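For reference, the chain that follows is the form predicted alone, supplied as structure tokens.
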Amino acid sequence: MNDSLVVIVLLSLVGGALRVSTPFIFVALGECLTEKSGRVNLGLEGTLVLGAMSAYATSYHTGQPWLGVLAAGCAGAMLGAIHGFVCKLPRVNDVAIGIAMMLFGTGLAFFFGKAYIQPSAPRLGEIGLGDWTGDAKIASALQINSLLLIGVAVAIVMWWAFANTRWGLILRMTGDSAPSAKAMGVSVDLVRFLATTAGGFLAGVGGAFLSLYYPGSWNQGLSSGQGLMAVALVIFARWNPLRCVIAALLFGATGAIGPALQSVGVTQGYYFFNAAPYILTLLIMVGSAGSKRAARDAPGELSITK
């Protein structure tokens, strides 16, 4: 492979990482927020799919893609609120409820989304990071959406808030020790309900990116398991919002390997490279299973740590 092809592959990887990582960022931040409160939400796959459908339908009917983003967030918040309400009931397992909510959200999206598979909805605009170069290939590779910048900003705010605000202290205390939180007069159920609702909102926004920007359409196979991968991503990031962004970029880069190689004519093993994110997820789950560092950083009230 000559130098020009190497440059093309690298640019494709960078551009692909920036695009593919965006929904991972939002879903991972949503799950990070939820798990910091001591609750696991495995239903974010359904939230992502319902968010994508809601965004596309709203954009189609209103002609305003940013209204679609808001609708996606509200749809995600609705599922998160249902999950949070049910999980506060006695003798309810949050993992089982999460799986049920995943099926519920996916089913809703498939049922109401059939009418939007063919129509074309207005999409979110682009920001050309590489326009200044004057090179069409570089400009095309480095096109991003402002949702990526918003996701990074949300991660920074969350990281700061966890460490420096009363709200962050209450959230971390609730996730680490519910008895201690109750002793301080904190309503554990309310904190977890709000955290799960807000986490669902972020995951829904991640779904809006899928249908309104990349790949930019609505179909029933849009998510490809990204909501479930977010759980592994949060463990890999050790419940740190800034590390969630870095981990999402890593996942995005692995997802861009196949298209990057295809862009220079490498087609052999294409489907294997497309499976790279799933292989990475498996490796992370296996590696974190016996990781003392991950166990130390995990919120103590998580059901997966007990």
Partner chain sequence: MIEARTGVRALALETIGMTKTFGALAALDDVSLRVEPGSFHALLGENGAGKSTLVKCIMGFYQAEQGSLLLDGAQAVVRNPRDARALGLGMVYQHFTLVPCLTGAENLVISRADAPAVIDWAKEKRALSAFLDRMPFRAPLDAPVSQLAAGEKQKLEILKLLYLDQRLLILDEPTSVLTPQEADEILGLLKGMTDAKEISVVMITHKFREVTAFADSVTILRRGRRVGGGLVAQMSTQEMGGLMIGDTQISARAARAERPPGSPPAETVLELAGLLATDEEGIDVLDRVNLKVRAGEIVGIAGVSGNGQAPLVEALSGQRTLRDGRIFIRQQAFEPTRDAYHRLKVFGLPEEPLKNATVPHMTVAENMAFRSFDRPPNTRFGWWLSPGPMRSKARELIARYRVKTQSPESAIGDLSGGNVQRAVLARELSGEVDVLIVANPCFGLDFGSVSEIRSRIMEQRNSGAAVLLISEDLDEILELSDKVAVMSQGRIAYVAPVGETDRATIGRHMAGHA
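Residue numbers count along the first chain shown, from 1. A quick note: this is a predicted structure, and the numbers were derived from the prediction, not measured.
Not on display, but discussed next: the form predicted together with the partner chain.
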property	result
4.5 Å heavy atom contact with the partner chain in the predicted bound form for all of Ser59, Leu70 and Thr106	no
Contact residue in the predicted bound form, chosen from Ser146, Ser224, Asn93, Thr165 - any heavy atom within 4.5 Å of the partner chain	Thr165
Heavy atom within 4.5 Å of the partner chain in the predicted bound form - residue from Ser180, Ser120, Asn219, Ser140	Ser180
Any non-hydrogen atom of Leu129 within 4.5 angstroms of the partner chain in the predicted bound form	no
The partner chain contact at Met184 in the predicted bound form, heavy atom, 4.5 Å	yes
Met173: touches the partner chain in the predicted bound form, heavy atom cutoff 4.5 angstroms	yes
In the predicted bound form, Leu169 touching the partner chain (heavy atom, 4.5 Å)	yes
Contact stretch among 184 to 192, 74 to 82, 112 to 120, 93 to 101 - heavy atom within 4.5 Å of the partner chain in the predicted bound form	184 to 192
